[in-house]
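To begin, one chain is listed below as structure tokens, in the form predicted on its own.
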């Protein structure tokens, strides 16, 4: 299965989602490859420290993605691809190969409107492929007291994309994790709430996975 974390806008938590998802799958015993397709290469550097059980590759451009993703998928149960923040051709290539697109979006109407403009590439891929990839919006960097407004629900509905019930809260531990070369469930007690949050989100995104050891348990 090829899972692409995609949004044409930077700074929305794509690498956080990609690295944690790859590590989460690997710690459940799955063979996982993380494909870093962002020019900044932040997720590959982070994953090498945080998730040594994950194979890490870098794909530099759209041609490499189109050529190599199918082979990577043949070699692993899951390929998690961290998409770029701006390169439309790279994003299009990823979505042409993806089975699932996870689309992080900050919880504001301005971000939702920007996302509406940025989903054109997703629509093109779905049109070319006659349906796939399945796509889900994930609210990210959400304030702890945030309540999903009707406007945000309407914006998601207008995009004709499902909205994950579990958001990623704005927490300092997520910002600290790359510098410590860790994922949140390896950051002792301070990562406990974040670990439970990503566990709930990933279980929602991939409900067909059998239950195995929970990463959140590592914080207890």
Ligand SMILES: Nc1ncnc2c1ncn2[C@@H]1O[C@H](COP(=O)(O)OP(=O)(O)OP(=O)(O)O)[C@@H](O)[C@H]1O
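Residue numbers count along the first chain shown, from 1. All values derive from a computational prediction rather than experimental measurement.
What follows is about the form predicted in complex with this ligand, which we do not show.
With this ligand left out of view, the stretch that reaches within 4.5 Å of it through heavy atoms in the predicted bound form is, among 48-56, 62-70, 158-166, 34-42, 34-42. Contact check for residue 95: every heavy atom lies farther than 4.5 Å from this ligand in the predicted bound form.
This ligand is not shown here, but in the predicted bound form it comes within 4.5 Å of a heavy atom of residue 12. Among heavy atoms of residue 175, some come within 4.5 Å of this ligand in the predicted bound form. For the chain shown alone, residue 187 is not a contact residue for this ligand in the predicted bound form, no non-hydrogen atom being within 4.5 angstroms. Contact check at 4.5 Å (heavy atoms) against this ligand in the predicted bound form: all three of 85, 141 and 170 pass.
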